[in-house]
Ligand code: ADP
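Here's a solo chain for you in structure tokens, the form predicted alone.
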Amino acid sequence: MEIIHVSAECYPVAKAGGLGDVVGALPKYQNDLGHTAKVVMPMYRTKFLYDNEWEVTHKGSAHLGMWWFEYTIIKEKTNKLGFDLYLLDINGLLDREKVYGYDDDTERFTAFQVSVVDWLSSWKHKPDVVHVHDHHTALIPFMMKYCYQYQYLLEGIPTVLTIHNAQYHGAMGWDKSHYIPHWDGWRWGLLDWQDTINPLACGIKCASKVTTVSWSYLEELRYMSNGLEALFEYEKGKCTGILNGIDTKVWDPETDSYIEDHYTIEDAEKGKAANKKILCDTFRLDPSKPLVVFIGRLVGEKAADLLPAAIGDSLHHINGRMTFLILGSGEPSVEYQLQRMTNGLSGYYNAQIGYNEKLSHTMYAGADFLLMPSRVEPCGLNQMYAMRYGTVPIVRSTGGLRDTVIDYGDPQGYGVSFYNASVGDITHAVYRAVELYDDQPRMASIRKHIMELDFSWNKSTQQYISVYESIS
């Protein structure tokens, strides 16, 4: 099969979250199964763009309302990511460094989608499936079916929408309906949700199939999807949960180029201790105590606002029997609190505000526990990375965290889980983690077990192929 993935992110080209990791890995594994998977995304001005060689494969033009624009598509020459990568450029809209966060994001991603559909319509052959990801590309199934300029050529191509985070819909007012190329006005209800044009809702209605990135998240969306609950209930027959995988070639403690001391399951205790010492020396922490880390965005979805109180209470109530290290960026007020805490908790706590790929890998390799108290976690990849490196996850039982982590108090369990995103539940979970750490034989056994778990893309990739085959 030939599969075209359309996404706003793709690691290592440009990444803001888990979406980038998935789109950077899934096509590669699909190609390994003998299919032809390709990715098209915006041409942001990132380091990857300037460090690699490209060739122009297409030039075209389209309209965004009354504005006529030209677009260019370039292709990476060497197939270095394991799949064909195409970047789409529109001067004045996509030629920027950041992925998101601009006042004209609606115009940027709508023009991107219009250009992708225009490009596909120019192909002499047609792909077997167009696979779009999140709201930034969710208008494409509608455009392929109901825009007069494209429907004759594209309406027969099956589409799949994968929802990585349903909290963001990309909604825009009806005054911007002219951004979409001339479309069948009788189909206005497919664009509409609660009196706005809602791209994510439109994608759910129009795509041939809808997938979410874990089984539990699909169930949660029927009662927690930021206003789309009724739609998920109505469309549940076309929806499937497929758990994300991780790229086990990138995330491998035996070969990871970002860490100083490599290790396998057999010598994990020694290898993790060496990486832990590097972290503790760098951040002035005590390596004899269990090290709990948080890696991620400092935002409400991740319950990062609870971290200052939870860390303070844990150190107070559990008598400083552990250390904490934070890596992340996000809401300024949370960043400020976490940074300020370093002054009074030297030796027990430290934080680095920002994003550092090398440090994150070292933290997975050197930490004893990874804390993920998320309010919302569609799948979560960090807990899988952590377990690959022998780091025990402490997670709130929600979404993909519930599907991948079994509490060590349950039969066959290997992690620490809790039910409420609250300071009290987090503190109690940390206490249980410290108790587990003190039982070194059990801790070593769990560490070995989680490193043997298979979170690769192999199974999930075949499930996506099965979804494609069901609609082709």
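Start at 1 with the first residue shown and count on from there. None of the values given here were measured: they were computed from a predicted structure.
Below: the form predicted in complex with adenosine-5'-diphosphate, not depicted.
Chemist: State yes or no: in the model of the complex, is some non-hydrogen atom of E357 no more than 4.5 angstroms from a non-hydrogen atom of adenosine-5'-diphosphate?
Modeler: Yes, E357 lies within 4.5 Å of adenosine-5'-diphosphate in the model of the complex.
Chemist: In the model of the complex, does F83 have a heavy atom within 4.5 Å of adenosine-5'-diphosphate?
Modeler: Output for F83 is no: heavy atoms all beyond 4.5 Å of adenosine-5'-diphosphate.
Chemist: Within 4.5 Å, heavy atoms only: does G312 come near adenosine-5'-diphosphate in the model of the complex?
Modeler: The answer is no: G312 has no heavy atom within 4.5 Å of adenosine-5'-diphosphate.
Chemist: Taking heavy atoms and a 4.5 Å cut-off, does R297 contact adenosine-5'-diphosphate in the model of the complex?
Modeler: Yes.
Chemist: Can we say H5, P127 and F142 each have a non-hydrogen atom within 4.5 Å of adenosine-5'-diphosphate in the model of the complex?
Modeler: Verified in the model of the complex; spot residues all out of contact, no.
Chemist: Which pick from Y364, F112, F324, Y217 sits with a heavy atom within 4.5 Å of adenosine-5'-diphosphate in the model of the complex?
Modeler: Contact residue from the list: Y364.
Chemist: Find the only residue in G328, P290, P158, P308 having a heavy atom within 4.5 Å of adenosine-5'-diphosphate in the model of the complex.
Modeler: Selected option: G328.
Chemist: Which single stretch, out of 348 to 356, 100 to 108, 173 to 181, 397 to 405, brings residue heavy atoms within 4.5 Å of adenosine-5'-diphosphate in the model of the complex?
Modeler: In short, 348 to 356.
Chemist: Relative to adenosine-5'-diphosphate in the model of the complex, which residues of 229 to 268 have a heavy atom no more than 4.5 Å away?
Modeler: Only W251 sits within 4.5 Å of the partner.
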